[in-house]
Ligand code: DAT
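We begin with a single chain expressed as structure tokens, specifically the form predicted alone.
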């Protein structure tokens, strides 16, 4: 099924100059990058994006981390785009991510950031509902 998904390269990915490598890996899977742009998330945008995590112990650190530097937001499209992107990204914790995944291959030695959050390079929608909600925040 043709789908659209939201993808965001996080501040740690941009700080390490991994944007081109990550986008190339996405395109090599046959997924299309329909739109992308670099932005500096405001705390309000970050709170809207991560609203499902509000109240969780890691939430405040996540908001601080994601607003600590620029990010690249993307609209991705293709056959089963959500599941394929999630598979390409790898496990949320890069220490558990398989070789061949973005998080597995490109992780840092120390994946815990200064805000106590896991630096895992990339965010991707986890469901069609999340994709619609997240894409609407950044692509109208």
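Note that the structure is predicted; figures quoted are calculated from it, not measured. Positions refer to the first chain, counted from 1.
Below, we turn to the form predicted in complex with the ligand, even though it does not appear here.
Colleague: 106, 62, 73, 97: which sits within 4.5 Å of the ligand in the predicted bound form by any heavy atom?
Modeller: Flagged contact: 62.
Colleague: Using heavy atoms and a 4.5 Å cut-off, decide whether 53, 86 and 120 all contact the ligand in the predicted bound form.
Modeller: All of them do, each having a heavy atom within 4.5 Å of the partner.
Colleague: Can you tell me if residue 42 lies within 4.5 angstroms of the ligand in the predicted bound form, counting non-hydrogen atoms only?
Modeller: Residue 42 lies outside the contact set for the ligand.
Colleague: Using the partner position in the predicted bound form, report whether residue 92 sits within 4.5 Å of the ligand, counting heavy atoms only.
Modeller: Looking in the predicted bound form, residue contacts with the ligand include residue 92, since a heavy atom lies within 4.5 Å.
Colleague: Can you list, in sequence order, the residues from 1-35 that come within 4.5 Å of the ligand in the predicted bound form, counting heavy atoms only?
Modeller: Sequence-ordered list has one entry, 10.
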